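The form predicted alone is given below as one chain in structure tokens.
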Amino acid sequence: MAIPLVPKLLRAHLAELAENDARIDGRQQWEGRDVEIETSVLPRAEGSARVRMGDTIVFAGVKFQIMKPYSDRPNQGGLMCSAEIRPVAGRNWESGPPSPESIELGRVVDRGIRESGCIDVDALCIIPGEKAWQVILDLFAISDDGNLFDAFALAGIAALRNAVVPAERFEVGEDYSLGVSKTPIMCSYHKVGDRFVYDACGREELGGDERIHITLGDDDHVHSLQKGLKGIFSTEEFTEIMGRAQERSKEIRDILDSL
């Protein structure tokens, strides 16, 4: 299959920049874009957040519903996460059923949050075997300039941290804050110009190769590790990426904790 002209020229330009230790938007190899986080931004959600990374802008909303616990987990509630990228977000996104890309986004974010154990699903049980809370985390983007994975993951945990369980509305007690015991942070790295960079912008994603997404906990525990697209990375590359992710996740967690 022939490579489209624009991406081919873009890849050549990105490779030239990498040789000179530069990036297309002027950042350093491991430098992220400015991060802005706002919470309680959606009045009809039980918890919400807005995250901006450069020109990437996403929202997260939390809702609750009562479910019947699964038969093999009668004392546990549930978590469901989905991602939606609206056509206004960028020219590559269209309306209609969820695309494979949006499904992947939702699943990768879901895995990082779920595997962290930040939500005690046992505490979501109302009546064993009969009633439990299901936490519904909806993610949607209104502007995509790259790295939706990190933006969605950050908005998701920020929204969960300020969510209130609407027990009074469902007549099962008094409202209370959702317990969130940990703060998993995702850091994504994209291979651009034969080297990995952190927090790729839209043009770097278009002209880049394989990517890797790492979700780390407060104690640097790896909650999820996901590789995307074709390609490989060396042991040395992975070791450096992991070290950088540990540093950056602490910085982002500090921003979130300061809200």
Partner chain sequence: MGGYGDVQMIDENGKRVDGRGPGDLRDITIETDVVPVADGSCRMTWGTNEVIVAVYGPMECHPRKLQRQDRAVLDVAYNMAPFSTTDRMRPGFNRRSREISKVTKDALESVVLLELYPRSKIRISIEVLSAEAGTRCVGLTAASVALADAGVPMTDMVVSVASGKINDVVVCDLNKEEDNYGEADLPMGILPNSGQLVFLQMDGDLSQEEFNQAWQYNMDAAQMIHNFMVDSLKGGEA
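Numbering follows the first chain given and starts at 1. Remember, predicted model here, so these are calculated numbers, not experimental data.
Only in words, not in the display: the form predicted together with its partner chain, which the text now covers.
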Study note, to complete from the structure: Interface check vs its partner chain in the predicted bound form: of Leu79, Val164, Ile127, Ile103, the one with a heavy atom inside 4.5 Å is Ile103
**Study point:** Non-hydrogen atom within 4.5 Å of its partner chain in the predicted bound form for each of Gly61, Ile142 and Arg169
**Key:** yes
Review point. Is Trp30 close to its partner chain in the predicted bound form, meaning a heavy atom pair under 4.5 Å apart or at it?
Key: no
Review point. Can Gly231 be called a contact residue for its partner chain in the predicted bound form at 4.5 Å between heavy atoms?
Key: yes
Exercise for review: Determine whether any heavy atom of Arg86 comes within 4.5 Å of a heavy atom of its partner chain in the predicted bound form, and answer yes or no.
Suggested key: yes
Check your understanding: How about Pro98: is it within 4.5 Å of its partner chain in the predicted bound form, going by heavy atoms?
Key -> yes
Check your understanding: Taking its partner chain in the predicted bound form, which residues along 222 to 259 bring a heavy atom to within 4.5 Å of it?
Key -> Val222, His223, Ser224, Leu225, Gln226, Lys227, Gly228, Leu229, Lys230, Gly231, Ile232, Phe233, Ser234, Thr235, Phe238, Met242, Gln246
